[in-house]
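Take a look at this one chain, the form predicted alone, written out in structure tokens.
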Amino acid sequence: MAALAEISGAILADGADPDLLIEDVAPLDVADAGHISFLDNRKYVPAFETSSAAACIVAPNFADRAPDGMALLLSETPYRGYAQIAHAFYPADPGAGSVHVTAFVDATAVLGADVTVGQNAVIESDAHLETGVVVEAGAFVGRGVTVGAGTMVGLGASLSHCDIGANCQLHPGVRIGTRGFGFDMSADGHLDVPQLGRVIVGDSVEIGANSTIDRGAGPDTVIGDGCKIDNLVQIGHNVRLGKGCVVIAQAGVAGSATLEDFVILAAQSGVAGHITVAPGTRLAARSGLMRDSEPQAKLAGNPAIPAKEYFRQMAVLAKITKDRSR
């Protein structure tokens, strides 16, 4: 327990045995002796009160709701503390540090120390993979691509026309550096415009399965440090994401839009092209943003408006339709 307190930055509650042996992590409702769990949402207090977990990481204001005998780690950020503990029990696979016999690695590619290349993976000419990179089975790293130290390239992912930072997680089926969607429209036929830029991905970025990020048309598409991109997300050409942005499943960002630092796009939301989303903006699920936002704005609806105004409108509409039905 004492070691877990140090890992999570939590404090051992009075009476908690610092030498208590914890074997694993588990949710409150299935945890048993030897397990540590966490409480972060008050709606799970009943499960906390009846849990058989040996220990739990919890905010101080819920400590008095713990069942008898449960050892507590006290933290103002229990979910983050739990994540740190779970990482300690389940560290990332560092890879085998070897190249599978069925993989193809071009003679001009540069592989750093302890790089892993899986079965049937392809590393093309002049690619540069730094120390500890893992390229899983069937993945493709194109000509001249750079991949920073400690980055994982998932099963069947493809990277072209891009530079990837350190300690990124690129999940299975990711497509980075695909052709941007740009063409001149005409009754004589739509003429493709060559896409000549790259995708620049910062450090500690996560990109979910089957998400796509298009290369820039001339300027580069840029994904800032620490961004979290969920599964099935589309990011168009020339888009720029600041640091710490979160883009959730099935959201889309049209070409040349800019998301400044710590923007959050909820599931199935969309951002129009050539607009700027100000720092800290939050866009609700299934919303469509058509114009620039203000810093820290909370927006909902399509077209998106301030969330409070949107929900007031929905309440009025519900009242009108209810009155009519009467």
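Keep in mind that what you see is a predicted model, and the values were worked out from it rather than measured. In case it trips you up, residue 1 is the first one in the sequence shown, and so on.
The form predicted together with another copy of the chain exists for this protein as well; it is not shown, and the discussion that follows is about that form.
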item	value
Heavy atom of residue 116 within 4.5 Å of another copy of the chain in the predicted complex	no
Touches another copy of the chain in the predicted complex: residue 256 (any heavy atom, 4.5 Å)	yes
Contact of residue 241 with another copy of the chain in the predicted complex (heavy atom, 4.5 Å)	no
Contact label in the predicted complex: residue 108 to another copy of the chain, heavy atom within 4.5 Å	no
Listed range touching another copy of the chain, judged in the predicted complex by heavy atoms within 4.5 Å, from 173-181, 67-75, 126-134, 108-116	173-181
In the predicted complex, the residue from 34, 295, 60, 27 that sits within 4.5 Å of another copy of the chain by heavy atoms	27
Neighbours of another copy of the chain in the predicted complex among 284-321 [non-hydrogen atom within 4.5 angstroms]	285, 286, 287, 288, 290, 302, 303, 309, 310, 311, 312, 313, 314, 316, 317, 318, 319, 320, 321
